[in-house]
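As a starting point, one isolated chain is supplied in structure tokens, in the form predicted alone.
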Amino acid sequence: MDYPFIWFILIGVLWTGYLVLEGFDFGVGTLLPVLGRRPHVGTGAAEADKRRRVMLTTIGPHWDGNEVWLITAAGAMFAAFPHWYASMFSAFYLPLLALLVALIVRNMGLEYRHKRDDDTWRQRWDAAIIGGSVAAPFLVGLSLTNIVRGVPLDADFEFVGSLGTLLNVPSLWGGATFVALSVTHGALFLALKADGTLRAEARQVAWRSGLATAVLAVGLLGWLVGTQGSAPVVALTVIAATGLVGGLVASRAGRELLAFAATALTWAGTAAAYFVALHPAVMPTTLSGGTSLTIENAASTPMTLQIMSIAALVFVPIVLLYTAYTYWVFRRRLSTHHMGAPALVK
């Protein structure tokens, strides 16, 4: 394997890590109004707020670390494949700008919600968290599906389409599927991390959202196989579908860790199928007279990729060890009994 191909694989791994890890915290944010409501009639608003604090506390130690995977993936694309990075950020300027805004608004909600003991204040930041948690996976799904589908690039790799070009049926379907899978993945994460009634309700939500996700995934993966139907892509879509079905079955059987691992496999299978479908292109053109960006013509110099490889060999194991350590430290289940009076964080 040469350096460009190795870095194509590594970028695929970075996107997979991002979807697996941030997928669940997007799901938890989206479920805030569903599982963070009053548990039954007669319950006070304070109990509902405790449920929301439990949900947000489960992702509190992880969400900002999960976003590092996105930053690293974009940085690796810039350094290893500068032509890919330039064409993609030119073609997807508006969706990626909207993604940046969604992440900023959501992150502000996660940081500022606890700054003031006021119901109106918390409700407004809750809306920011929910909106950002829905918009971000939708925009990621839309952008990645468009890359696999192809965009109009001319002979100089210039994007000659418009925003309307990107709003096609497969890509909108891809965005909706990414949101649905995030919700199911997030519900299974809550079932794994929460206790009491919240745990039981998270399992019920995972089952219901999982059925909707399955319908959307059949359409998306069917489109992928129909247009990019090589044997490896078919095998990876089967793995992704098996993970989703296995996750729902494991959840019904009370095997929450196994269920969460299974939906992580669905994310991994989907991302791998996307990147395998792309190869050897990194950004195919839909114009008859255009030129596709490939691994070879989009890559940096061999020396640049060699230096990047040495840095990756040193720092990637450190990042993986640190990430694993944080999940081990914060492995305990949480319930509303652990939530006292709101503590203002200065």
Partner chain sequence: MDPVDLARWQFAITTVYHFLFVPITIGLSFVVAVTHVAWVRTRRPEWLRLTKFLGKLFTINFALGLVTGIVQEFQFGMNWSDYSRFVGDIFGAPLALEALLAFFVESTFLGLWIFGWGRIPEKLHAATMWVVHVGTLLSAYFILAANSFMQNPVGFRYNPESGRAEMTDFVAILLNKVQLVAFPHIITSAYMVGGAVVMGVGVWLWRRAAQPGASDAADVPMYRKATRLGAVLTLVASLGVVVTGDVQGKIMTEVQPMKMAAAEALYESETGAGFSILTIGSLDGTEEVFAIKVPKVLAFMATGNPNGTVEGINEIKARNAEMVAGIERTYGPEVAVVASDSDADYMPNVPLAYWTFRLMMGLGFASMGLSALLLWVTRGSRRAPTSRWWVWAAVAAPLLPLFANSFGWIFTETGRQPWLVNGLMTTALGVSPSVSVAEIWTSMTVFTLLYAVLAVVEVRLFLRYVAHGAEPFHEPESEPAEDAPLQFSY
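Positions refer to the first chain, counted from 1. Just so we're clear, the structure is a prediction, and the values are computed from it rather than from any experiment.
What follows is about the form predicted in complex with the partner chain, which we do not show.
> Would you please decide whether residue 223 lies within 4.5 angstroms of the partner chain in the predicted complex, comparing each non-hydrogen atom pair?
No, residue 223 sits far enough from the partner chain in the predicted complex that none of its heavy atoms falls within 4.5 Å.
> Is there a non-hydrogen atom of residue 234 within 4.5 angstroms of a non-hydrogen atom of the partner chain in the predicted complex?
Taking the distances in the predicted complex, the answer for residue 234 is no, it never comes within 4.5 Å of the partner chain.
> Taking the partner chain as it sits in the predicted complex, is residue 33 in contact with it (heavy atom to heavy atom, 4.5 Å or less)?
Contact check for residue 33: no, nothing within 4.5 Å of the partner chain in the predicted complex.
> Whether residue 229 contacts the partner chain in the predicted complex should be assessed with a 4.5 Å heavy atom distance threshold; does it?
Residue 229: no contact with the partner chain in the predicted complex.
> From the list 272, 110, 264, 147, which entry has a heavy atom within 4.5 Å of the partner chain in the predicted complex?
Checked against the cut-off, the match is 110.
> Given that the partner is absent here, state which listed stretch (110-118, 235-243, 173-181, 215-223) has heavy atoms within 4.5 Å of the partner chain in the predicted complex.
That would be stretch 110-118.
> What residues, if any, in 68-101 have a non-hydrogen atom within 4.5 angstroms of the partner chain in the predicted complex?
Result: 68, 69, 70, 71, 72, 74, 75, 76, 78, 79, 82, 83, 85, 86, 87, 89, 90, 93, 94, 96, 97, 99, 100, 101.
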